[in-house]
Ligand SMILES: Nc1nc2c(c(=O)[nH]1)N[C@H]1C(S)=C(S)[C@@H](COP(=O)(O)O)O[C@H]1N2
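To begin, one chain is listed below as structure tokens, in the form predicted on its own.
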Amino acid sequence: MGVSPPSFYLRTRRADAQPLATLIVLLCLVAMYFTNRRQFLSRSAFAFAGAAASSLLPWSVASRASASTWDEAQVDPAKADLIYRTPAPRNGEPKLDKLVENWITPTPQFYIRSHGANPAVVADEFKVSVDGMVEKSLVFSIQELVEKFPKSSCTCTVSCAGIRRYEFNKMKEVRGVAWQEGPIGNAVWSGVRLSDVLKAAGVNAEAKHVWFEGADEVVDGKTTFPFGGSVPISKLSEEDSSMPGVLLATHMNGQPLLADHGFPIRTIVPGYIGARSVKWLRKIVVSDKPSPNHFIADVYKMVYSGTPVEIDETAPIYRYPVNAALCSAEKQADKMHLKGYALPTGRKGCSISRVEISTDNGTSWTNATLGKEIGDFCWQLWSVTLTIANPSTVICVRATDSQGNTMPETVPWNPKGYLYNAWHRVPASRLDI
């Protein structure tokens, strides 16, 4: 309507928003009266009103509208969309058949990874600072960020470094969340580009890394510290008009971030393990070295002996490796229709070139049909129909990407249980043949 976002927001808040919000709340109350009472109690009317109102407000205002949409109620496993591996902090993954129903993962089926309790955040008061090797330090509110910088969106996959950790546990016990194949998801993320924010601050020529720090507090014994990470500043040089090097995301799948996914703002680093996409982002620091935060300096490294010297001398994990999994099976007459996902190595321009299925332990392979939806830093769904008559058969899955990276037959055990990407093996007996 030709009105700038700030003045529109003030005018709407003063005159139009209250009657509209009241109407939406009343409609939601009527709708929820006929839904499961327990579901009604676990979500406030304001949560539904905020989600509905966000589609009516300007993009820059939607985050403010969602300030009251947090739901910190205890998770009822019987009603949850996720399988919770730990209830506090919340760490949950979806049921696999649900995971591969859509190329874009619906938010309720998107895995949750947290190292500490969700921080208490008031969106209107939340600030993000930019400091370190910059010409001028900056501090932004969420509203200022989305009004000052161009909006940017991307579709990319986020995958936990501990995906398929349970398979390491079959070899020897490892520490960490006992993830299966589900801590992975492909979503549409929206926000502003880190490169635009750093341009406004002015980055020194000697800078080599960008640190991120969240507002959450992780407790380790008697020590409390924030979750954090960092990325090489060279990651920003990968971006183009369709894909940011790093996104400061306020929205997921067209809606403001939920609390479990980092509301009101988080980083999204396409191609990198999920630990580099820091939730509840409050601090950005430009430096000439990686962050000293515990989760970049000591954790999320591929080590094998786990000695202090090895940990100190090993580089942090950044990109995820090629991976794949069989996620669902449906009986069709005397055949089985199998579906799953495959993830290429997290490099720009890399995609899945083939997914192969074997029922004779790798002696012969059948090519699966790849889904038509593809994108940089995105997974690819696949399907295949096979005759599997013997319940003792073990189905093997492997993927190869366009840069020639193939899932290995086996991988060596590591004490942190990271990056398991050997052939995915599923006994046919689990498929209810």
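This is a predicted model, so every value here is computed, not measured. Numbers for residues come from their place in the sequence shown, where the first is 1.
In what follows, reference is made to the form predicted in complex with this ligand, a form of this protein that is not presented.
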Item to complete: Counting non-hydrogen atoms within 4.5 angstroms of this ligand in the model of the complex, say which of 256, 274, 94, 340 makes the cut.
Response: 274
Worksheet item: What is the one choice in 98, 193, 294, 266 with a heavy atom within 4.5 Å of this ligand in the model of the complex?
Response: 266
Discussion item. If contact means a heavy atom within 4.5 Å, which one of 266-274, 127-135, 317-325, 239-247 is the stretch that engages this ligand in the model of the complex?
Written reply: 266-274
Item to complete: Using a 4.5 Å heavy atom cut-off, state whether residue 235 contacts this ligand in the model of the complex.
Response: no
Worksheet item: Any chance residue 168 has a heavy atom within 4.5 Å of this ligand in the model of the complex?
Response: no
Discussion item. Taking any heavy atom pair closer than or equal to 4.5 Å as contact, tell me whether residue 300 reaches this ligand in the model of the complex.
Written reply: yes
Discussion item. So in the model of the complex, is this ligand close enough to residue 114 to count as touching (4.5 Å, heavy atoms)?
Written reply: yes
Worksheet item: Taking 181, 382 and 420 as a possible spot, do all three reach this ligand in the model of the complex with a heavy atom inside 4.5 Å?
Response: no
Worksheet entry | Heavy atom contacts to this ligand in the model of the complex at 4.5 Å, residues of 379-407 in sequence order | none
